[in-house]
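Okay, so we've got the same protein chain twice, two forms, each given alone as structure tokens, structure 1 and structure 2.
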Structure 1
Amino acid sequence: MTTEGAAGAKTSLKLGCIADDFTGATDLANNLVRAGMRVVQTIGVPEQALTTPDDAVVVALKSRTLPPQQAVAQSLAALHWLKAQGAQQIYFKYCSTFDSVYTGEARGNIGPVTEALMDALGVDFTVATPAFPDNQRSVFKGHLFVGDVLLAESGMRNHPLTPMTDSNLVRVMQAQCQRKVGLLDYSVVAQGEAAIAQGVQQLRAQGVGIAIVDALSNADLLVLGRALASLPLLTAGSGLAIGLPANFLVQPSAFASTLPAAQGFTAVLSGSCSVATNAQVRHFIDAGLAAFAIDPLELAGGANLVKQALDWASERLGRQPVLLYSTADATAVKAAQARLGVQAAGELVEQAIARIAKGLVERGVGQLIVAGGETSGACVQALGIDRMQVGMQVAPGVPWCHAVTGLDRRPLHLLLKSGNFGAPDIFSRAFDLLS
């Protein structure tokens, strides 16, 4: 089925997705591609109409830590754009730990965004489930488990920006919502599609507007995907998405993840200091490949490390990938933060790496890996990228993407790896997969 897009162009857009952060958007896109959809991820709400025949668009916002009013405004802008492109079903994607801003008056913005989307779409019922079994997130009796422990007993209890101290999602969501929040219990979900449809009718009859949904496995999510096919709005982590493409008669296929042929030199930029990224940088260096270290204290001291790094890379770009990294262990990071401040150290490094990204592409790099969520955001911005075609998965949640940059419209294959994702050999494995 095709529909008229905003500019009158025929589009075949099936799912329109709104993600509350950048790497979360990639995670969702990756699940949809694996289930057979052609997916574009946009950075923010596009100004122009969709011109490619994609099955799904994921609009990546940075709204998770925004006050509710701003998060609502951004989400509604995304909704209006997606509807104008002909999206048949809307999916609001948040974190699988159900966290969002929680300071002062704001008791979270998942509820306010959900209700604003319901109002705009004129719907009286939707669901909410962050269940993502592949990532050890399950919901039972409305309680969210992270691995073997309840959410409020997990590390999320002490998250600096978005602490989660209650595992009961019905309670958490009700505190954020005007509408009545209920529970679609596992005893119903386990009985399959017909029981779920009946359960939804009962909840509606009880005046429930938003139902937290229990799910423990991918099998549950697949059944739920079928059972909830007719709801105009779904809200979830990335897990519920695995069952949706089949509703649009889309089957897994190699075509979904096909990207243009890779070209240009290969490079890795790493600004992540996670345990996994430290191991990946070590693995790369131990393999005898060329690496250039970026030290925040040297940067702060005024050294022109961006020029030095680009001069160094220019001499080495060729058959083998090069790595430029600020990745350091916890002790070194703490020392830099103590001298410069946490925020200032982070921004200094992000901006330096972003300028290096731009310089590398100008020097002929066509395949670029960026490690680090915030670092990726800074690089994508510096490269003038506003949308990416999402391709094949390299590791869970980490797909290769393809973009046209703002630098003379040079094409670029881009792999954005957040924090703890990926095995130690992901950098070399990723390039092997493209060749």
Structure 2
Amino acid sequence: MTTEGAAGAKTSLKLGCIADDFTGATDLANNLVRAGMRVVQTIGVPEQALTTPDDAVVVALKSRTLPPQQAVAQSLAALHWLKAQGAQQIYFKYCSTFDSVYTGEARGNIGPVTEALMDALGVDFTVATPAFPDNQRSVFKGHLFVGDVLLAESGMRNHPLTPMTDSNLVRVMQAQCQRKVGLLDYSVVAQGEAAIAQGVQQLRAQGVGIAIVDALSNADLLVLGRALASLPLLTAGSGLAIGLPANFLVQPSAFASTLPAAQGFTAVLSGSCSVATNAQVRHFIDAGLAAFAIDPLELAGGANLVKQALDWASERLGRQPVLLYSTADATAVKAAQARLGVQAAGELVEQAIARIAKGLVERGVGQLIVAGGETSGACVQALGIDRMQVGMQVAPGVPWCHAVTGLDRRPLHLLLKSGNFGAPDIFSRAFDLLS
């Protein structure tokens, strides 16, 4: 199906996606590419109409930690652009740990954004499920599990910006919403498409506007994808995306993940302080590879760590990958936040790493890994990237992408990794897949 997009441009856009951070956007795009869709990811809401024949567009926002009113405004702007391009279905993507801003009176922005999108689209029902079994995220009886433990017992309870202390998603979502939140539980999902359709009708009859949906496996997500094909709006982590391309008669294809040949030096920037990223930093250092630590307290004290980091990297680029990181354990993070404030500490490090990213690319880095959602957003913006073609998967939810930077139109292969994703060896192994 081809429709008229903005300014009369022809577009075959099937799925229009809104992601609340940059790594989450590539996570979603990765699952769509694996299922055969040709996907472009934009950085923010584009100013121009879509001109390429892509199956899906993922608009990457940096809204996860924004107050609800700001997150809603950005998400609605993305929605209006996607609809203008002819998107047939809308997908609001949040993290598989269901976290968003939690400060002051704000109890998260996932609910407010969902309801604003529903109002704008004129729909009375949608679903919400962060299930992503490939990355050990499952939902059972409305409770989110990370591996074998409840969300509130995982490392997310100590997240520096968006701590999650409640695993009951119905309760979490209801605290953010005006509409009634219900549950489509596993006893229904396990019975297949017809039972799911009936369950949706029963929930609607009970006045439920948003249903948390259980899912334990990819098979569950594939069934849900078919059963929910007619909903104008879906909200989920990236997992549900695996079941959607087939609804548009798209089949898996190697062409969908093809990127230009890689070139340039290799580097890793890490701002995430998740348990997984701490393990990845340790693995890199234990392997004897070069690493430079960025201390937020030194930054706050006036140390020119950006120059020091770039001088250090310049002497080592071209041999093996180099790592520049602010990653630290929960105790160190809390100590820095106590001294500097939560928001100030985060922004200080993000901006320093973003400046380092720009300097590295200017020095010939053409293959760059960035760990952490907020860090990735800052780096992409500093590099002047407005869109990326999404390519091969390195780990579940983690693909290589290709972009042209705003720095003299330099090409760059870029991997944006959510803090919680990837095996311990991902920082070194990822580059092998491009060679």
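This structure is a prediction, so every number in the text was calculated from the model and none was measured. FYI, numbering is relative to structure 1, first residue = 1. Heads up, when I say rigid core I mean the largest set of C-alphas that superpose within 1.5 Å between the two forms.
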query: Assignment: the form predicted together with ligand ADP; finding: 1
query: Between the two structures, rigid part identical for residue 234 and residue 20; finding: yes
query: Whole-degree rotation of one rigid part against the other between the two structures; finding: 19
query: Shift in Å of the C-alpha at residue 414 between the two structures after core superposition; finding: 3.4
query: Once the two forms are fitted on their core, CA shift of residue 322 between the two structures in Å; finding: 8.4
